[in-house]
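Heads up, the chain below is alone and in the form predicted on its own; it's given as structure tokens.
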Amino acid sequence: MKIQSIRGMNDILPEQSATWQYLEHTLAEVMAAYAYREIRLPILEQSELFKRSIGSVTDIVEKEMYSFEDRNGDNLSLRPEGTAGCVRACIQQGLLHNQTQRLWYQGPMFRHERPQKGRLRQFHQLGVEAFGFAGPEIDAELLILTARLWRQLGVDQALTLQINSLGEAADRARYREALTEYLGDRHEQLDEDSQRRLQSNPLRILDSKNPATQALLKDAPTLDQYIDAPSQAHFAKLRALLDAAGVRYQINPRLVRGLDYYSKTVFEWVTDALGAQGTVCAGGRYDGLVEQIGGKPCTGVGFGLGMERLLLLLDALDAVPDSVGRQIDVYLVAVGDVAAQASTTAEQLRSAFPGLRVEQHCAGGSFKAQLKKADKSGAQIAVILGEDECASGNFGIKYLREKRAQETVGQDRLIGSLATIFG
């Protein structure tokens, strides 16, 4: 029996990787523009880190984490999200002592969910975290940053920003009590999942996709009735900053996010272009998380961006530039016993034009067969070197994407000729 990949853990093939590289390069450019620095984090962490940060009664910890006991008896988990690991690293490495940090990371995350379009068991996230900033200015900066990213990628018209405030833990405790009382009186009308959550995590019921449960929630108490004055002022200032920056948003009073550590600001960037998997980017403020994990009190705010979902959106909107798909610029056709000369020429071209993508034919074959491969490669031109050309010191230049006659140039003019083509 052939060994197959694990369900929900997909290969990224060469024809797909160019779009991934384009997205990763754009993300890195935007992060640099806002002075965020990259941090690289391990994929494996102590399971206790996620139980302490995400919450032991969340679906992620109860159902979805890939956890195991290693040979030393330590309980480890593949990371289901990145914030907890980033906080752990900052505490362990002393990055939060009397200083602020703007950090970003990217890489695979793991959750045992039912695989479907836009939802995988191994998925990739960009994570952005800011520590030591208490005011709403940093919340606004993260949202302005993401708005710029959408514009740069050409997907801004397809995304809508939803925001809400969760207040402080004491506010949510009072609201949780009121919501539990309201829904408890209607227990039999709730769907099975919401009945289970009623005692363990009732705020997650607000995010239920069940239409009957959503109908029940229309008359339920709302969180904004329980939020204290400082949190209300924080949220009002955030809205004013977004208004001043021209970032459009909707206030969604049902937006709570699925992780226990959030407080005050929460947000999601959503789209209707991807069906059910409409959340592309989400996050919020987590001022108590550093202390919760074992550090000294330090404010924090951040977001996670689903790379696969953003790639699906780029594809749905046909927003990937045509140049991204081209893997080869120059295909070097080498006919006959000219391998040494062909290799030397290929290296000269790479040295003369940094960034030029040159593929040298190394598999033999007739002139016609090599030209066919050159055309299939997507290259703009084929540089032709045969035994006759080698003897005369000439090269052929065949234009593969333009209706232009083939040219013959001397060896000393090849670099100059390509300079006119590729600038």
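Residues carry their position along the shown sequence, with the first being 1. Values in this document were obtained by computation on a predicted structure and should not be read as measured data.
FYI, the form predicted in complex with adenosine-5'-triphosphate isn't displayed, but the following is about it.
Peer 1: Can R111 be called a contact residue for adenosine-5'-triphosphate in the model of the complex at 4.5 Å between heavy atoms?
Peer 2: Close contact exists here: in the model of the complex, R111 approaches adenosine-5'-triphosphate to within 4.5 Å, heavy atoms only.
Peer 1: Is R186 close to adenosine-5'-triphosphate in the model of the complex, meaning a heavy atom pair under 4.5 Å apart or at it?
Peer 2: R186 lies outside the contact set for adenosine-5'-triphosphate.
Peer 1: Against adenosine-5'-triphosphate in the model of the complex, would L120 count as a contact residue? Criterion: heavy atoms within 4.5 Å.
Peer 2: L120: contacts adenosine-5'-triphosphate in the model of the complex.
Peer 1: Can you check whether G306 is within 4.5 Å of adenosine-5'-triphosphate in the model of the complex, heavy atom basis?
Peer 2: Yes, G306 lies within 4.5 Å of adenosine-5'-triphosphate in the model of the complex.
Peer 1: Could you check which residue among Q327, Q152, T279, Q292 gets a heavy atom within 4.5 Å of adenosine-5'-triphosphate in the model of the complex?
Peer 2: That would be T279.
Peer 1: Which of these residues, T299, S263, S231, Q125, gets a heavy atom within 4.5 Å of adenosine-5'-triphosphate in the model of the complex?
Peer 2: Of T299, S263, S231, Q125, the residue with a heavy atom within 4.5 Å of adenosine-5'-triphosphate in the model of the complex is Q125.
Peer 1: Choose from 71-79, 94-102, 317-325, 281-289 the stretch whose residues reach within 4.5 Å of adenosine-5'-triphosphate in the model of the complex, heavy atoms counted.
Peer 2: Among the listed stretches, the partner-contacting one is 281-289.
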